[in-house]
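This document starts with one chain, in the form predicted on its own, laid out as structure tokens.
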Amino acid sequence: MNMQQAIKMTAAETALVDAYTAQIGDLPGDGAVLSLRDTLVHELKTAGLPTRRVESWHYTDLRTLLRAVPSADPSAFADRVDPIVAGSTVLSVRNGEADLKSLPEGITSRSYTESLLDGSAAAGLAVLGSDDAIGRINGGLVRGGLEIAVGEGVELEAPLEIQVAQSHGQAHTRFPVSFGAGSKATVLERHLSTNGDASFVSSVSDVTLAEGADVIWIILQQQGPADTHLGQIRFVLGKNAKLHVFVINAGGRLVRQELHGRASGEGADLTLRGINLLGGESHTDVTFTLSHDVPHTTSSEIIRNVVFDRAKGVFQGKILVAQDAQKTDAKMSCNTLLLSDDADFSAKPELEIFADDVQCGHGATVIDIDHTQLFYLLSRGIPEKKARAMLVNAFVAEIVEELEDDEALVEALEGVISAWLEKHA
């Protein structure tokens, strides 16, 4: 007879289960949502957090790395923060509570709590698979967020900033966002800490682009040095839809940012650009999967990493091309500046191709600063620290400069990068 022995839960696993138990009568949801929550937390309790034995978590042993989880604090309060680009429309979620306001014509929004209460959120809470720890944690504990819809043919003149601020404790948020046919928008999903105390944050965005939609989606993660951030974006691209995703990690102690998408309509195009700025003893993992399901779809991914001190970084990227997805064009690269003997970066780009008429490729590099270039700057009287910062900034700047159509946004993001480099370089 086979008997499955229950695992001995770690302090972090116990804290997550206890957080659910303490809020069980207060978490929003109808019968279907509450039943699903019970299932997700039970799976967490019996299976535990993923270890390196789980392939998709091989380089981020969450059960070992996540040593403690702060208690949920209903009284936690995050201060308001100015938008990163002046004139942006701001929708804020502070410590899990949505702050609704008037929106430009053609956009509608409601609190995700309402979706939980009326049960319409139940289908979206499903996990992506047995190794979807982020979906399991978020689905079990999510309290709020925003449900946003951009109407057909709507073009937003100013960026829409979804501002997720946390002071301390726990926050679990969800953002289902749909873009109608022919719509055009720039969205900045910004995660930041307003207090030095430790926070545990999980956030899931479900993004759907209808035919011909053209969207820039920027994830800017600026958590505090003691914070844990578990983020996930799921996206589906319709016919001739274009999605440009920019990910900038510039904070956090333990970070896992997942991106999972499907190109489900012919002519769909995905551009992914990532900048990971890693310092101290932080651990940052960016995991990406994209499924090309139909013919004539394209994708391009470039990830740039800068690693200082004793920081550790991970990039896992996997492109899957279905048998029917002929004429797929997919390129993926990961480039890393490793600037310390104690730093570490692991790159794992993958292709899984079942079609025979495709153009696909991937690659990865790990280098130090070019000493010829450094010598050139030093010989012109530039101090070494400033010279190194200039070379590092040039390494990542060309990623941000792809947003050249919005000078204010480029300037704001370059300011974030420069401020981080001044502190760590």
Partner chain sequence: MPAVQETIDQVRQIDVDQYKYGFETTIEMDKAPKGLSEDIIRLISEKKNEPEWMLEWRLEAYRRWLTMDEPSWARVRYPKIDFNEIHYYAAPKGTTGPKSLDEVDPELLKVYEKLGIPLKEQEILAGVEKTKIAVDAVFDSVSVVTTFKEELKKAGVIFMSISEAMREHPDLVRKYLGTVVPQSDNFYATLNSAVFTDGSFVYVPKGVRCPMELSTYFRINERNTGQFERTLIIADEGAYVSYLEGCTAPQRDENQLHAAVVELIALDDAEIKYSTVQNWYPGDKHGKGGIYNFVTKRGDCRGKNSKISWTQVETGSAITWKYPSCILRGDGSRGEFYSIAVSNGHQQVDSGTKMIHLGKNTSSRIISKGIAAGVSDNTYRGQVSAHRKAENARNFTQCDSLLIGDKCGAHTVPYIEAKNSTAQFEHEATTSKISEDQLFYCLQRGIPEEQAIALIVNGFVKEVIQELPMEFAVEAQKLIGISLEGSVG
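Computed from a predicted structure; not experimentally measured. Positions refer to the first chain, counted from 1.
There is another form of this protein, the form predicted in complex with the partner chain, and it is not shown here; the text below is about that form.
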Heavy atom of V366 within 4.5 Å of the partner chain in the predicted complex: yes
Even though the partner isn't displayed, in the predicted complex is Q326 close enough to the partner chain, meaning a heavy atom within 4.5 Å? yes
Contact of T298 with the partner chain in the predicted complex (heavy atom, 4.5 Å): no
Taking the shortest heavy atom distance, is D341 within 4.5 Å of the partner chain in the predicted complex? yes
Interface residue in the predicted complex among L117, L128, A158, L351, criterion: non-hydrogen atom within 4.5 angstroms of the partner chain: L351
Which one of V81, I302, A181, A355 is close to the partner chain in the predicted complex, taking close to mean a heavy atom within 4.5 Å? A355
Within 4.5 angstroms, counting heavy atoms, which one of the listed stretches 60 to 68, 374 to 382, 358 to 366, 28 to 36 is next to the partner chain in the predicted complex? 358 to 366
